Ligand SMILES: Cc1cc2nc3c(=O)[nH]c(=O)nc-3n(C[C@H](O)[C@H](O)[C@H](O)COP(=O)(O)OP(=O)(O)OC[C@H]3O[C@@H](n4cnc5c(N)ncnc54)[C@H](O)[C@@H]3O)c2cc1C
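One chain follows as structure tokens, the form predicted on its own.
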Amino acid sequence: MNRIDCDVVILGSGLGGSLLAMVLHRLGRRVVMMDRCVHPRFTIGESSTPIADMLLARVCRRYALPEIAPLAAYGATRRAHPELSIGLKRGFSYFGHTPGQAFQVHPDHRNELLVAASTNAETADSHWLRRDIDAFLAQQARSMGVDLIENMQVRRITKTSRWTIQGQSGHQEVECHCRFVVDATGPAGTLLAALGIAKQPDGLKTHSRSLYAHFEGVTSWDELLETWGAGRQDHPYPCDRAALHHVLDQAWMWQLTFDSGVMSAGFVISGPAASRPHPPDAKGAWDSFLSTYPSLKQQFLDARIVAPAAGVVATDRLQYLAERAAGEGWICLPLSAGFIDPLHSTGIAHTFSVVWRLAHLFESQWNTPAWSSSILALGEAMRAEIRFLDRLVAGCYRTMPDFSAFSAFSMLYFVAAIRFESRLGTAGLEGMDDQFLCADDALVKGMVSRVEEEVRQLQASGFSRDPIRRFVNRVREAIRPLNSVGLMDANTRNMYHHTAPVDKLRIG
């Protein structure tokens, strides 16, 4: 029997759990991480964003994590950790498709939208091959002195005056006693399950499921555009050195290209198809989607799956939200508390925002009368943020029948993100209590509510030409009080070369 006594147990050693473990270790807490798997393990690729990078830089600066700090920018990561699999992400790219038709090239870019998040590769965001990044962070935590128990099968979690966590790692029985538990297990929600706290999609507006895998041999979308004579000289960056979105009929496809040539790609499906259980033949469903869109089929003509070993992964509905995200002596990180959809690449940034706020609570309120109420408040804020993300994503799905309407609604996310970046720019290292993406900001909430009503009217019109034009104009007016970087300026023709309100590296 391996008996352990500590301050904090973190269930899960992924990106958020490992970063938090290092922070708490720096604060003098004895931390134990437990994970049912062993690093490295397959996890779908994800993208950082300016918000994620800014928050990571802040955490590393305040809590002295110099080995982790380079991950806050693509150029620094390439130099400091060339062994890690990453990709250059200059921004967000969107291309609109029509079922059964090849992609149409238009000089006015009416079915394209490129939003730059950086001005160069040095300060850019990154695609992170999570297998590498998670293993790196877990190893860094371990090298600092954090105990990491892998292959840990938790059988029982109980609480009296302290928590007791019992299970088995390999052939060894483990019993751990601690004061506080963090659930960083993601969708598994190990602690939530032990506490009998339900995770349901009830009340969430977004309804989607996914098919995904990692590929080699995929033709560059930028290369295909060149062969079709597209006006690539107008693009603010090579369009697939970004989070690339192909906007389809009640669905979209992500493409994240790593420097190794591997691509993380997946379809996210909404509408009636999302209500059915996932298909037993995931590869067949994947091929069927590709066949519906000739240009995507051409792009994947020579592609081969490299991970996971079992091939294309098919999910059931992605959305869930825990009835509670915190309680006496425990809290979840965002992916355990709830999930909406990968559309806006918010997962990493949201996790880091909670790690940042939680770190400040451990630093300033641990062992004080305010501790319990502050933990509960952070849990409720997290749930409110997830519901706000749900509104931003659901509106995008509802406007997908027309690319110009989709592009207009997507501006709500960019407005909220830019406002949050600006808040980070004026906040000191002492803390920042604003909710993620300004979910508690009255102006931001009012803007979203106003545009949601416009979406309802647009849907009722059947997406005919004049109502679409009115919708776009009304979104432009709705975002005007918060539009600090010229979004929806007709002169840009959907090509945004600069949207950063602040220098994220200076803030870090």
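Sequential numbering from 1, following the sequence displayed. Fair warning: this is a prediction, and the values are worked out from it, not measured in the lab.
The discussion below concerns the form predicted in complex with the named molecule, not included here.
- Contact with the named molecule in the predicted complex, defined as any heavy atom within 4.5 Å, is confined among 461-469, 45-53, 440-448, 63-71 to 45-53.
- Within 4.5 Å of the named molecule in the predicted complex, a heavy atom is found for none of 96, 255 and 409.
- Comment: the named molecule is not present in this chain, but in the predicted complex one of 318, 135, 84, 378 has a heavy atom within 4.5 Å of it, namely 318.
- Checked against the named molecule in the predicted complex, the residues 236, 327, 186, 75 give one hit for a heavy atom within 4.5 Å, which is 186.
- Taking the partner from elsewhere, residue 37 is found to have a heavy atom lying within 4.5 Å of the named molecule in the predicted complex.
- Residue contact check for residue 91: none of its heavy atoms lie within 4.5 Å of the named molecule in the predicted complex.
- Within 4.5 Å of any heavy atom of the named molecule in the predicted complex lies no heavy atom of residue 220.
- A residue is said to contact a partner when one of its heavy atoms sits within 4.5 Å of a partner heavy atom; residue 130 meets this definition for the named molecule in the predicted complex.
- Taking the named molecule as positioned in the predicted complex, the residues of 197-216 that bring a heavy atom within 4.5 Å of it are, in sequence order, 210, 212.
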